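Structure 1 and structure 2 below are the same protein chain in two forms, each given by itself as structure tokens.
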Structure 1
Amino acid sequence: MKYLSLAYLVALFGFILLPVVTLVIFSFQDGRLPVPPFKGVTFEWYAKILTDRAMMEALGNSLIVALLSSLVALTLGFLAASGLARVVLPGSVLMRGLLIAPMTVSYLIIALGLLQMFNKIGIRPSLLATGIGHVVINLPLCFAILYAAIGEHQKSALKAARDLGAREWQVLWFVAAPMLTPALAAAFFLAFTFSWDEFIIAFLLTRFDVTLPVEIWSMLRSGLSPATNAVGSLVFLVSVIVVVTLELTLFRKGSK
């Protein structure tokens, strides 16, 4: 049974990680196509993308949009979760449903709706429009994570702080936020990751200043290249560094 479980874990991780391993290996391909056979190791493609001005601008745009939209979504989700957890209103169930509803809607439908709305009110396709779109899709995620993390213990602590005379912003900043730090971090980094990788909304709501996924799509239109593998490998490396850092610092500290 022990060896069967081990074999199952190996097969599971192999199934999950094989595409990523293949992507990384062929990012070093000493040839023009990232396909077998592997012809040798070269860092040419990494040097090419790191010196590509359009790629670096798209990378900066993605970082800005992901960071700001995730912070806005986290703040709004935190406030909504704290408010709905504090009091039970006649329409609380409906409010929670409406807040979570965008998670069940296709990104394409959301993007088309936002595009039409922005055209009506005069907002042109831009990084701002993309950031608003990412707030729309990440706010339900942040709300769901934070609302689920607020248990009876947290509610009792918040109530005690209010009974002792703390103002609402003090309760949220000095009591609620520290208790929900792991959940806040999880919500933020999930929102950041979804915004970082999101393509459809960014494609429809940007024009000249594009994000990294849109720039990668532009590269793919000209055909397969190890350069696209190199971009994907760097993005994956950043994600791994973030996850490992969180595990070694925040989450491990929270479990203790």
Structure 2
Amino acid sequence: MKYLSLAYLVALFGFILLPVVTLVIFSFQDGRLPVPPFKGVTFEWYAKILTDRAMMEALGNSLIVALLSSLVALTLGFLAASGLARVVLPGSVLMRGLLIAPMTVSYLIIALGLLQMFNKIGIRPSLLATGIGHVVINLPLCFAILYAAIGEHQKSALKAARDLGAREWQVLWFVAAPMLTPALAAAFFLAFTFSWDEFIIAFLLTRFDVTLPVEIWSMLRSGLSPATNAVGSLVFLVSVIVVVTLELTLFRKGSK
């Protein structure tokens, strides 16, 4: 039983890690094709990527879109969650349903709907259009995480603050936000990652200023290249750093 478990574990880890390991190894390939045999180590492809202007612009665009769209989604989600947790409004259930609904619809359909609407009202494909789309997909996530984090304890603290004469913005800023910091951080980082990695909405709703996944996509058209491996490895490295940092700081307490 023990050996069988170990063998299964090794086999599955091999399957899961194979593409990533291959990706990283052949990003150092000293040759034109990222396939065996491995011809030696070079940093040429990383240098090429880091000096590629289109790539660096796409990287900057991705960062801006991810940062702003997750901040907007977080703010809207936070306000809505504290509003709905505070009082029972007529139609509360319906409102929660509507806010969560985009989560069940595939990104392609959301992108298509926005593309048609933007065409009609004259908003050109742009980073702004993409950002709006990213808020649509991340708002349900932020709302759900924050709404779940507001328990009875939080509710009574908020009520106490209000009874003591705090204004609404003071309640939110000085009481609710500090109490919900872990949930706010988790929601923000998840939203950031999803926006950073999102392809189809960015693909349909940008034209000249593209984001990183779209730029990588257009690189793929010219076939396999160690340069693509290098970009992929860099993106992977960034995500791993974010995830490991989160694991070591935010979620440490929760898990133990």
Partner chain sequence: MSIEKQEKRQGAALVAPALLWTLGFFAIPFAAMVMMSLAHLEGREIVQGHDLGNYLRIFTDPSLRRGIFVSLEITAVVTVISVLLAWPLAWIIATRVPARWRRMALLLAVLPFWTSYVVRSYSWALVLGEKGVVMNALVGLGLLAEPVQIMATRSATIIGFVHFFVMLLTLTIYSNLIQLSPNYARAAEDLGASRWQVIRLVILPLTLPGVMTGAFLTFVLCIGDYITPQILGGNNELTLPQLIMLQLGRRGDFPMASALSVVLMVIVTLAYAACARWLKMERV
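For residue numbers, the reference is structure 1: its sequence is counted from 1. Quantities reported herein were computed from a predicted structural model and do not represent experimental measurements. Under this definition, the rigid core comprises the largest set of C-alpha atoms superposing within 1.5 Å between the forms.
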Which of the two shown structures is the form predicted alone: 1
Core-aligned C-alpha movement of K48 between the two structures reaching 2 Å: no
Large Cα shift (2 Å or above) at G223 between the two structures, core-fitted: no
Post core alignment: F194 C-alpha displaced by 2 Å or more between the two structures: no
Core-aligned CA shift between the two structures for T22 (Å): 2.6
After superposing on the core, C-alpha shift for L12 between the two structures in angstrom: 6.0
